[in-house]
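One chain follows as structure tokens, the form predicted on its own.
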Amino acid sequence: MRFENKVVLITGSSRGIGRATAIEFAKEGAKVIINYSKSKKEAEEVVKEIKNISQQAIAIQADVSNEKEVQSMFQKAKKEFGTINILVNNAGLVYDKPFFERNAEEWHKILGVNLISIFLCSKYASIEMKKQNAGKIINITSTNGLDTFSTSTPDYDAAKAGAIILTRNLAKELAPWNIQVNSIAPGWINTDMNKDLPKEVIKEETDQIHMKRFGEPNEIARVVLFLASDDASFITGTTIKVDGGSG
């Protein structure tokens, strides 16, 4: 198994891409830390599923945009498993709302969850990774930060673009300690975040995808595991677009 005895922390992993990623890591032998903000029941269900495949897992509640809570989360993780080998910054939040109806409080919230959380979690994870002169950080961004956007989500788009630039900054900053930092930019994925989209929007967006379908969470998870594995030993500071083809 590729990740036997490795410890991985995944933010926002009680559902969607984070959940799928947690399960895939567990299947490959990793000890998994499930982070959640509010959905304790869902997080515990993921932990139970991982334990059912004979791997270790715990759930830790933390608002990843809050530095004190992030610091506490990593202290708990270290106490339980001793270290952190892999960090997946997956937590995300989006509001669809007309531009002139938005306010600064909403912007702060979106930037906090989608961008500042990456800085905070990477900071505290890399403190441990530096001690072992090795580590992997994978940030889940979005094609909205690359070459697509929506006028109803300018804060989300700006945060995801910032996350891609931050990935490059972190890759250079942490390279002396052999810590690799990369990001994945998913396109449309069948997650809870997208489950209530109007049928006409789904059709319009699907028509623009070369593969004529939305992706599945485990299709992103498998790319995460690739970047976290030794197969990606000479990749850092890059963003992999996973969107079924577009443009």
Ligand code: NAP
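For the two forms, the rigid core is made up of the largest set of C-alpha atoms that agree within 1.5 Å on superposition. Model, not experiment: these values are computed from the prediction. So that there is no doubt, residue numbering starts at 1 and follows the sequence shown.
Separately, the form predicted together with this ligand exists; it is not shown, and the next lines address it.
- With a 4.5 Å cutoff on heavy atoms, D63 counts as touching this ligand in the model of the complex.
- Remark: D192 counts among the residues lining this ligand in the model of the complex, judged by a heavy atom distance of 4.5 Å or less.
- This ligand is not drawn, but in the model of the complex it has a heavy atom within 4.5 Å of S39.
- Shown alone here, V113 lies within 4.5 Å of this ligand in the model of the complex, counting heavy atoms only.
- The stretch among 90-98, 130-138, 166-174, 76-84 whose residues place heavy atoms within 4.5 Å of this ligand in the model of the complex is 90-98.
- Within 4.5 angstroms of this ligand in the model of the complex, the stretch 131-167 places a non-hydrogen atom from each of I140, T141, S142, Y156, K160, taken in sequence order.
- Fitting the two forms on the rigid core leaves the C-alpha of F149 displaced by at least 2 angstroms between the shown form and the other one.
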